[in-house]
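One chain comes next, on its own, written out as structure tokens in the form predicted alone.
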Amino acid sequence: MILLNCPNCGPRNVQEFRFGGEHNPRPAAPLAVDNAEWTDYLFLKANKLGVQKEWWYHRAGCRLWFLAERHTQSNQVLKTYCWTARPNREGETCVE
């Protein structure tokens, strides 16, 4: 069984989660971005070998979207964390 550590609920079976794709920050000035850059942002993925930052959703638990850093070759999750501000039980910040 593969475990994924939810920042709110702790370690859970990976089947409780939904993969949300690679983390790809939105352009800082969206109105200044041309069509080619928007196409790259929306449709092209890095799909790199190594550590990748990804979105995950705890669908069978607290329904939290969070970020995980996972090595794409070994499938080892190095760390998971929340992406914005609300304190959780360990004092870290989370959002529902």
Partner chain sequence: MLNNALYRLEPQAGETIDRAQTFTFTFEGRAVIAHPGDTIASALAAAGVHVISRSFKYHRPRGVMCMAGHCPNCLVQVGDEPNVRACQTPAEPDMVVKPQNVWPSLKKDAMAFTGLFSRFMPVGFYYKTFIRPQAMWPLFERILRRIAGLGKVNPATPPDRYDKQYLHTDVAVVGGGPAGLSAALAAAEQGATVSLFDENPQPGGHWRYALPAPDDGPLPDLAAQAEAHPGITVYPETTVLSCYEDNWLSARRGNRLFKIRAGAVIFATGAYDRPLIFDNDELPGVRFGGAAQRLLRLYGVQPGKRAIVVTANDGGWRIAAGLQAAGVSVVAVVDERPESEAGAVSHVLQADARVFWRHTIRAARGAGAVEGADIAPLDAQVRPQFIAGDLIVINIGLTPANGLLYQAQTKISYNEDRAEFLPETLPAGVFAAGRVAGSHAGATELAEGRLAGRQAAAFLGLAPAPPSAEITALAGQKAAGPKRSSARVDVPGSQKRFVCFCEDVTDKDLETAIAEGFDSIELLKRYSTISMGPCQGKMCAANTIHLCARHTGQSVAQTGTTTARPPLAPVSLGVLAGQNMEPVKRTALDAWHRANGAGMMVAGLWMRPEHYGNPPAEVQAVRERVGLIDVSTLGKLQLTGPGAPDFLDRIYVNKWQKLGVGRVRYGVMCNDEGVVMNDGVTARLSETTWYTTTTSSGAGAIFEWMQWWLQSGWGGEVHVTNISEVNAAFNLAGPRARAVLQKLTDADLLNEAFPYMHVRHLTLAGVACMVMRIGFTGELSYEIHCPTGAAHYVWERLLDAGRDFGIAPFGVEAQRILRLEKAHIIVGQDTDALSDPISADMAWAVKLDKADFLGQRPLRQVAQDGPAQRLVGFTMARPGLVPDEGLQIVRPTAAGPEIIGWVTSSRHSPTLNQTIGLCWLPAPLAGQPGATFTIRMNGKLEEARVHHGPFYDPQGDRLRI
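Positions refer to the first chain, counted from 1. This structure is a prediction, so every number in the text was calculated from the model and none was measured. For clarity, a rigid core is taken as the largest C-alpha set superposing within 1.5 Å between two forms.
The same protein has a further form, the form predicted together with its partner chain, not shown here; the description that follows concerns it.
Although the partner is absent here, W83 sits close enough that one of its heavy atoms falls within 4.5 Å of its partner chain in the predicted complex.
The shortest heavy atom separation between K79 and its partner chain in the predicted complex exceeds 4.5 Å.
Although the partner is absent from this view, L64 contacts its partner chain in the predicted complex, with a non-hydrogen atom inside 4.5 angstroms.
Contacts between stretch 45-75 and its partner chain, counted in the predicted complex as any heavy atom lying within 4.5 Å, involve W55, Y57, R59, R63, L64, W65, S74, N75, listed in sequence order. Core-superposed comparison between the shown form and the other one: the C-alpha position of G61 differs by less than 2 Å. Core-superposed comparison between the shown form and the other one: CA of G50 displaced by less than 2 Å.
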